[in-house]
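What follows is a single chain, given as structure tokens, in the form predicted on its own.
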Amino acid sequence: MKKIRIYIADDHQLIVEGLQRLLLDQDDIIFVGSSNNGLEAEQDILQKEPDIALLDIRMPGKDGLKITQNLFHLQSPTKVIILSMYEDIRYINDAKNFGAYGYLLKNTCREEFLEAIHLVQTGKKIFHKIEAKQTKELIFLTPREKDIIKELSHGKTNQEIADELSLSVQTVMTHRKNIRAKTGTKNLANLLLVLKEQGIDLE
């Protein structure tokens, strides 16, 4: 039986060691190396050509998504699974577009994690395991809409916002209507909560 050769890259050594212990308990898996640095990890993967690379998103040197993209362009035989704490559809889509075979949360249970590795080894993708939780569409706000929301959060009236941004009151009201339509919200508190959930920065 051909064993699955796996490489791990994560800037937290405790995570690397925990995954290594888990993998070493499996008869059909071989641990071939690890790194806490993205640049070093990419070089190791290109040299060792493991069957699967488990990559964190945030690492010094180079992040996991950029490594994935580069491995894909170089036609590396290594299949990448992104391991992340970020349950964010944007990162999932980036992982897909950059050629990854999967995206798993770091709190994934042991059984699902091992199942994902075996699915990926056979060429299958495992994004569906967390995509079902991402039901809301991404919200895209224009810079002007963000300006208006920022002023609203400071308690300003339509007239005060119009004066501050050199707009007419009618224009401010139109922007507010568009913002409500885009976000599906009816009040400022709900609007700010939605923006926070989507990670939208008003700065």
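Here the structure is a predicted model, which means the values were calculated and not measured. Sequential numbering from 1, following the sequence displayed. C-alpha atoms forming the largest set that superposes within 1.5 Å between two forms make up the rigid core.
Beyond what is shown, the protein has a form predicted in complex with another copy of the chain; the following relates to that form.
In short, of 63 to 71, 146 to 154, 39 to 47, 163 to 171 it is 146 to 154 that has heavy atoms within 4.5 Å of another copy of the chain in the predicted bound form. With a 4.5 Å cutoff on heavy atoms, residue 98 does not count as touching another copy of the chain in the predicted bound form; it lies far away. By the criterion of a heavy atom within 4.5 Å, residue 124 is excluded from the residues contacting another copy of the chain in the predicted bound form. In the predicted bound form, another copy of the chain stays beyond 4.5 Å of every heavy atom belonging to residue 179. Using a 4.5 angstroms limit between non-hydrogen atoms, residue 108 touches another copy of the chain in the predicted bound form.
Contacts to another copy of the chain in the predicted bound form (heavy atom within 4.5 Å) from stretch 30 to 59: none. Core-superposed comparison between the shown form and the other one: the Cα of residue 66 travels less than 2 Å. In the core-superposed comparison between the shown form and the other one, the C-alpha atom of residue 22 has shifted by less than 2 angstroms. With the core held fixed, the Cα of residue 34 is displaced between the shown form and the other one by less than 2 Å.
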